[in-house]
Each structure stands twice: as C-alpha cells, then as structure tokens.
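In the form predicted alone, a lone chain appears below as structure tokens.
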Amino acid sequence: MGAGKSTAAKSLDSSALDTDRIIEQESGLTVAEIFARDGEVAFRDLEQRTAIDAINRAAAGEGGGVVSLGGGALNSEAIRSALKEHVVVMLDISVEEAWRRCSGSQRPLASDREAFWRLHAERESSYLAAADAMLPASTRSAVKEALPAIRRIAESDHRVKLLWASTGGGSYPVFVGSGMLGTFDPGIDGRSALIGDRNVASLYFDRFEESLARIEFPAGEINKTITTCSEIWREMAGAHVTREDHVVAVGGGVVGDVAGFAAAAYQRGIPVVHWPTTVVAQVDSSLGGKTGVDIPEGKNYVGAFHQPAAVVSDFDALSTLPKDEYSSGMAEVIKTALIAGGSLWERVIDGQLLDPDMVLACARTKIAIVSSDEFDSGMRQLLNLGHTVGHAIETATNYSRLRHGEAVGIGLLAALQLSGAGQLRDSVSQLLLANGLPTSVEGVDIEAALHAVKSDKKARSDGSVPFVLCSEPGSVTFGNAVDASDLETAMREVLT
C-alpha cells in the first residue's frame, strides 16, 4: 500500500481496472468500512473473487489489459496462480516511504507503525516471488518509461525478469535470466561496436549479429589502462563508429570498466550496453555507471560516470567461468548481502547456491542505493564496504597477486574488525573459505599497503580516508574515521 499502483496503472491506460475501486463501487462501501463491518477475512474473500475476475477481464482486453491490485492481494494463492500467465509489475517502495505516504490515512492496516513494518516484511517475499518486473515507486514516470522493456520480457521466449534503474543521469532496463546471450534484444537502436577481452571474444562474440567492429584486448586487470582505451578508440574511429551507434561490452568487471570508459569518452559519449559474463559483473560492476581505468598510483583513478543504456545478465554465462573466477565474484555477493541484510543475507549465510534470483536481489540492492546517490557523494559509498583495504592490497601488489574479489573478501575482514564486529567477522571468514576465497595474503609490503590506503581516491583534503563499517548485516555506515593504529592492526591481521 502507498506505492502508487493505481496512479501507475492509470498512466498506462485511463481505463485500467483497479480492484479496490471495483469493490467500493459494487459494494457502496469503502475498503475501511468493509474491514470495520465484516472483518479482514471477509474482505480478502471478496478481494480474491474481484481480482481474479479483473485479471480475466484484462486478459480479454478490458482496461487496456492493465489491472491494479490491492496491497494484500498476493497473499491469496488463487490470485498468485491467476497471475502466472501474465506480466506482474512490482512498484518497489521502502517501508519508510510507504509509511510516510500511508500514516494518518483511512487505510485499515496503516494505523500502527510497528504493525505496518511487520506487514511490509511479511509481504515482501510474496511480492518478489510473483514479480516479473520491479520498478521504483519513487519515480512517477517509471512505469511509462519502462513499458517497452516490460513488453520485451512479455514477448521473450526466455524466462526474463526486469529491474528498472532510475538515476539523474538516465534510466535503463536490467534484464536477468538464462539463455539470452547474443539472442535477447534489449531494444537499443543503432549499430554496435563489440568490445571484450580475448577470453570472452573466443567464447561469445560469434553469438552476436554483425557489428561495426569486434574489438578484443588482453584479459586481466593489468590491461585496465588508458593505453588499452586508446587502442579501442582508434579501432572504433577506424570502423567509423558514430554518436548514433553504441558499444556492446561483453565480459567481466575489467571489460565493463574499460568499454564503459571508452564509450563515455569517445566523441564525448556514446551509449553502452553491458552483457556481464562474470559473477562480480552481474551482481555489481555492470550496474550504476561507474567506469574507469587504473594508473600506478591507484585503482580506478581515471574514469567517468556513464550510465548504461541497458544491462543484460545471462546466468548461463557463469557456467563457463573458471572456478577461481567464480569464487572471486562471490566476495561481492557476500558484501552486498552484508549491506542489504534481511532475506538476502539469510540466503547467503545459509550457504544457498547462487541462482538468477540471488543475482536479481544483489542487483536490486545496488540499483536502490545508486538511484539515491548517483555520483558517490553519500549513500553510494556503502558499496565500498571492504574495498578501501581491498583496493590498497591490489595496488600494493601491482594488480598481479589477487583477483579483485579475493582482495575485496580480505578487505571485508579488515573492515569488520575495524567495526568491532568480531562474531560477524568470524562468520564472514567462514563464508569466504566455504566459497574458496582466501582470508589473508602473504608477502605484501604492509607499508606499501598502508600508503595505498592513504592514496585512496576517496581520501579527503585533510589526508583522512573515510571507511565503510558494518556492525551487523543491514546496518552499514559510511564516512567513518578510523584510528591509524587500529587500521594497521586490522591490516596486519590479513597481511600475514
């Protein structure tokens, strides 16, 4: 309740069916009056009959094929079953915003704050299970903007779910599913320039239709440089790529960062579509518009914010990953679960295997954070949990000793020690080991690593470096000052 379902439905078609309004018109009573007179059980029976009838009528074309359901409708198994053959759109709203909109109203289930919080938590799992598309309730135009993408998942032969990312720099669809690589059309106009590293190119480039250019570069973080971008720009210019065309980035985090930056700078910016093929790229790096390259002084020191035109995550692509690369990406899953808390953390700590729904949950978490802070000036810094020390280790070892996720996992342990969360640190250490990730690294120059922390790109003008700390899953803060001796102690624990 309070997400704006009725308004969104009417924005698609002014004759859209609204189950609450139908009930009120046919009964001559408000929903609140029915609750007061007959009780919730009787209302739910009436709601179920009304909703199933409205779904059938919409399927026949009435109301423009659009139905707005009541907030509790998905508690009904019969309604959930009736929805399985149709596209279900969830308007994603935080409990805080929903309460702000509903408190003080005549809604019968919005009179008590604590009960409202519990209701939101209880309903969330059924919403997420039923939803084919998840759109931000905070953006009034999101449903209309996302309609072409909603139609694509409705018409697709694949089982695809949609997230709609909305930022000041642009809105874009994120498609998550299986069997899509090179065959699913995300709906981006213009010709394409395909960019990937040599490993990915040999696996996947042939799946894509003809493009203006097929540009390969050597794999690995060590090649995430301006030199690589310069070579890509020259190949794009030689292939006569124009501002009406777009880049298609196929690969992991390095490919996404390099190709994204190449797109951001080429002719002052052309669109980029990400096809992430690694765990870290699907759950994190392909989302949010951060692009960039490394220089000897630091990781991701040169880059730009450049939101993608679309992201297409094919879970099947992860089956081709080497075991170490797959494990490396799980560090980002663990990090995201620590930030999100709730059901995502419960799935991760229980040792559940990564699946498309977990990828979707991680992406949903990141998109929600980025939508509130596109340019990393506040809340988005939460996503750096574990990264300050992790990046320092990568820099101190010239990006040659550890994969990115391995370094982030070790950085998580340092951050949790700095947070005073010893028990949680032990749990995360066990998670890292269970996923084949290291919990320490030998032979790293501690002074070089400490210097790299001080040179972190988020360092302030006074020389301090703000840290992201986590006291418990779902309770994460940014901008924390850390004592130098505590930092050194935490880093010595993981740099054996």
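These figures come from a predicted structure and were not determined experimentally. Position 1 is the first residue in the sequence shown; the rest follow in order.
The same protein has a further form, the form predicted in complex with a small molecule, not shown here; the description that follows concerns it.
The candidate spot formed by V200, K224 and K366 is fully in contact with the small molecule in the model of the complex: every one of the three has a heavy atom within 4.5 Å. Interface membership of G409, defined by any non-hydrogen atom within 4.5 Å of the small molecule in the model of the complex, is ruled out.
At least one heavy atom of T320 is located within 4.5 Å of the small molecule in the model of the complex. In the model of the complex, the small molecule sits beyond 4.5 Å of every heavy atom of V272. In the model of the complex, the small molecule sits within 4.5 Å of a heavy atom belonging to E325. Note on the partner interface in the model of the complex: the residue among V174, A133, L413, V254 having a heavy atom within 4.5 angstroms of the small molecule is V254. The contact with the small molecule in the model of the complex, taken as any heavy atom within 4.5 Å, belongs to T278 out of T388, T395, T278, T336. Residue heavy atoms within 4.5 Å of the small molecule in the model of the complex occur in exactly one stretch of 80-88, 164-172, 278-286, 142-150, and that stretch is 278-286.
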